[in-house]
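Only one chain is given next, in structure tokens, and it is the form predicted on its own.
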Amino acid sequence: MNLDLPALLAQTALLLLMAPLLSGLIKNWKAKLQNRRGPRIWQPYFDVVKFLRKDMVISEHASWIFLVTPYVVFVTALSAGLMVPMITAHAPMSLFGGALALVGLLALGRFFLALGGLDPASAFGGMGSSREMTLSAIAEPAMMLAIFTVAIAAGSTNLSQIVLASHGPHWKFLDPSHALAFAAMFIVLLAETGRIPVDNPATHLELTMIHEAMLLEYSGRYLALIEWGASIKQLVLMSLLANIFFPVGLAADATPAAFGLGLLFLVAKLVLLAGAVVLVETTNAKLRLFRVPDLLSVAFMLGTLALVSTFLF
């Protein structure tokens, strides 16, 4: 089976263009719920363009790791997005890996970002890198358990096969194991995207920041690539959460009408998930750093229960 080049280009454009819009939508809604005016929905586009036009300031202690990290973060997030079914059930790069490849690509980007935070010998960068790797040691297994719960019912770890199996007669959308896995995956989504109560993307206080601490030494084009890659990663995780648990509206055939309907359903599911994220961020306070592993442990236990329940029921 050959790689579908038009589908590859179309989903790449969708990831690049929709990711900043989703980030801007979440920031705008969050400000509205807090009785603030907030940034415009399309402000992330202006930020990326502004960063691309600015010069870079690079530490004299930085090595090649610091220079290559923004490109690795951006490419891994984009490659992971091409493995996730978004508009159709067939992901453009589904042949190159499934759930394990997706988790591996995201882990590779996180690993290089942690190295990039350590490389300039900044105290804040090292602090953020250590915190990021500590939390990822719990978040990644929880995400794998949640995905494996759905993969067992589909008989494959390929994400496209998981979505296609949802159209079978034995698939149950309200299955208890899927509900537990969905809850675990939603907590992982908050952790992976640096959202409250795990992290606060709007702060630069040294006692609370995790993800932002690793970016303090980056500027210009490098900062634009990292921020763009972070927004793509957020879109990928939200699309994964929406389509493997609620694979409704995915295009069944290669017609413009089916693609348009699939895009409409994708936007609707992303808007609902964005509203849920905004609601959680607005109604909760950020947890103390030493309480965050407890929350991620809950996600791990929910994923474990979901996986075990697939064999019991």
Partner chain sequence: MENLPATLLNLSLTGYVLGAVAGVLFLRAEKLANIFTFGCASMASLCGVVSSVMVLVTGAAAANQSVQLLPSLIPYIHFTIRVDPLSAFFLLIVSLLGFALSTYSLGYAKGFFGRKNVGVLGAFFNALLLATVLTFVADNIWLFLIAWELMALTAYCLVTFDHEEAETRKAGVLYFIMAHIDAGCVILGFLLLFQASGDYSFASLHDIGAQMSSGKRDAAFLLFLIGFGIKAGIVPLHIWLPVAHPVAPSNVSALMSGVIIKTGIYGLIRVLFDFLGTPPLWWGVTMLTVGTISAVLGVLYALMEHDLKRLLAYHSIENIGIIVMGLGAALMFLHTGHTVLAALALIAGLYHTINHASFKGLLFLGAGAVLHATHTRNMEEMGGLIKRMPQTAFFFLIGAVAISALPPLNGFVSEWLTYQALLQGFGTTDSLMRLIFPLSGAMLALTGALAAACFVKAFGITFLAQPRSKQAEQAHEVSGSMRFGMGVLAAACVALGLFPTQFVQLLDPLTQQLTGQQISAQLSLANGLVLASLTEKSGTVSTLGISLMFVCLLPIPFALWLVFARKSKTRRGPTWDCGQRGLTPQMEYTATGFSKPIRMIFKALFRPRRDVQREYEFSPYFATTIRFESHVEEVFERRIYQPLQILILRVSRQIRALQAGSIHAYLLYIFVTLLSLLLLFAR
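The model shown is predicted, which means the values in this text are computed figures rather than measured ones. Numbering follows the first chain given and starts at 1.
As for the form predicted in complex with the partner chain, it is not shown, yet the points below apply to it.
K.L.:
The partner chain isn't shown here, but in the predicted bound form which of V248, L264, V271, M56 has a heavy atom within 4.5 Å of it?
P.N.:
That would be M56.
K.L.:
Between L235, A91, L225, I210, only one gets a heavy atom within 4.5 angstroms of the partner chain in the predicted bound form; which residue is that?
P.N.:
Checking each option against the partner chain in the predicted bound form, the one that comes within 4.5 Å is L225.
K.L.:
Do H61 and the partner chain share at least one heavy atom pair within 4.5 Å in the predicted bound form?
P.N.:
H61: contacts the partner chain in the predicted bound form.
K.L.:
Looking at the partner-bound form in the predicted bound form, is F182 within 4.5 Å of the partner chain by any heavy atom?
P.N.:
It does not: once the partner chain is placed as it appears in the predicted bound form, F182 has no heavy atom within 4.5 Å of it.
K.L.:
Would you please decide whether M83 lies within 4.5 angstroms of the partner chain in the predicted bound form, comparing each non-hydrogen atom pair?
P.N.:
Taking the distances in the predicted bound form, the answer for M83 is yes, it comes within 4.5 Å of the partner chain.
K.L.:
Taking the partner chain as it sits in the predicted bound form, is G24 in contact with it (heavy atom to heavy atom, 4.5 Å or less)?
P.N.:
Outside the cut-off, so no.
K.L.:
Is it true that I152, N158 and T304, all three, sit within 4.5 Å of the partner chain in the predicted bound form, judged by heavy atoms?
P.N.:
Contact check passed for all of I152, N158 and T304.
K.L.:
Quick one: name the residues from 94 to 133 with any non-hydrogen atom within 4.5 angstroms of the partner chain in the predicted bound form.
P.N.:
Those in contact are S94, L95, F96, G97, G98, L100, A101, G104, L105, A107, L108, F111, F112, A114, L115, L118, D119, P120, A121, S122, A123, F124, G126, M127, S129, S130, M133.
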